[in-house]
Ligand code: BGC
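Consider the single chain below, provided in structure tokens and representing the form predicted on its own.
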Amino acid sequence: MTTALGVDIGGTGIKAAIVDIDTGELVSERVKLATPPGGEPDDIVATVVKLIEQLGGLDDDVPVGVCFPAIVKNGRTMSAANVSHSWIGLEAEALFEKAIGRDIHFVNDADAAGFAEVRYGAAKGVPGLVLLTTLGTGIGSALIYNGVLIPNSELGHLMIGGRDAEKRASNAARERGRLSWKSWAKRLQRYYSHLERLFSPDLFVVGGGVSKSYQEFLPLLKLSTPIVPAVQRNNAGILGAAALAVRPPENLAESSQSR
């Protein structure tokens, strides 16, 4: 059994667990602590260290993956969603590595969730281009082509009608506008039709908490591309971060089909 630690950092909570990379099952309890008020770097790093201690520490050979709500480029956080702006431009990967005492794999949270769905979830065994979107406060996105992650897609910020797509099509926009499912689906239709024209994906996967209510809105969408709800939900970030910490097969879609 190959195991890795996955850590999922969010604006309100930080979660961690040890994952069986072969099966995608958690082999420890999932521990969670509140994200420190203000979301400052040193405070979040200290919280991650506490979570590792709650899990009993780590053996020297256990890889570590951490996902974070930001554009991540060469170990730097180039944006900050629901955390302190002190993260912007920070050598965040090195900061975590110093505190934890080992190398880590550091990745955007939506990218980790998308990777988890390809490896263990709704897109397992699907060849070609999988496009995951998370509908929440904004819209996160992940592009995975034949098992290879294309990082930092940020497709919630596509301009549609002169506005960021997430300003009108996120779940937060639905709640702010007190939109019916039907009215919201019209906005989603415009968004996903635009993505379809740009990328011609083989599968859309829809995540975020609202995906639990997928029967209220996904059947209302008329697309050429199949569109399905995510299945990993609360564990997606942990699973994806852990899986990415272990060097994956070059083509996960093919390897998933062969298992």
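Numbers follow the displayed sequence, beginning with 1. All values derive from a computational prediction rather than experimental measurement.
Same protein, other form: the form predicted in complex with beta-D-glucopyranose (BGC), not shown, and the subject of what follows.
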(request) Decide yes or no: are 82, 134 and 140 jointly within 4.5 Å of beta-D-glucopyranose (BGC) in the predicted bound form, with each residue judged by its heavy atoms? (result) yes
(message) Can you work out whether residue 154 and beta-D-glucopyranose (BGC) are in contact in the predicted bound form, taking contact to mean some heavy atom pair no more than 4.5 Å apart?
(response) yes
(message) When the contact criterion is heavy atoms within 4.5 Å, does residue 123 count as touching beta-D-glucopyranose (BGC) in the predicted bound form?
(response) no
(message) Is residue 71 near beta-D-glucopyranose (BGC)? Define near as a heavy atom within 4.5 Å, in the predicted bound form.
(response) yes
(message) in the predicted bound form, is there a heavy atom of beta-D-glucopyranose (BGC) that lies within 4.5 Å of any heavy atom of residue 113, even though the partner is absent here?
(response) no
(request) Among 74-82, 173-181, 143-151, 91-99, mark the stretch whose residues have heavy atoms within 4.5 Å of beta-D-glucopyranose (BGC) in the predicted bound form. (result) 74-82
(request) Could you list the residues in 100-118 that come within 4.5 Å of beta-D-glucopyranose (BGC) in the predicted bound form, counting only heavy atoms and keeping sequence order? (result) 108, 109, 110
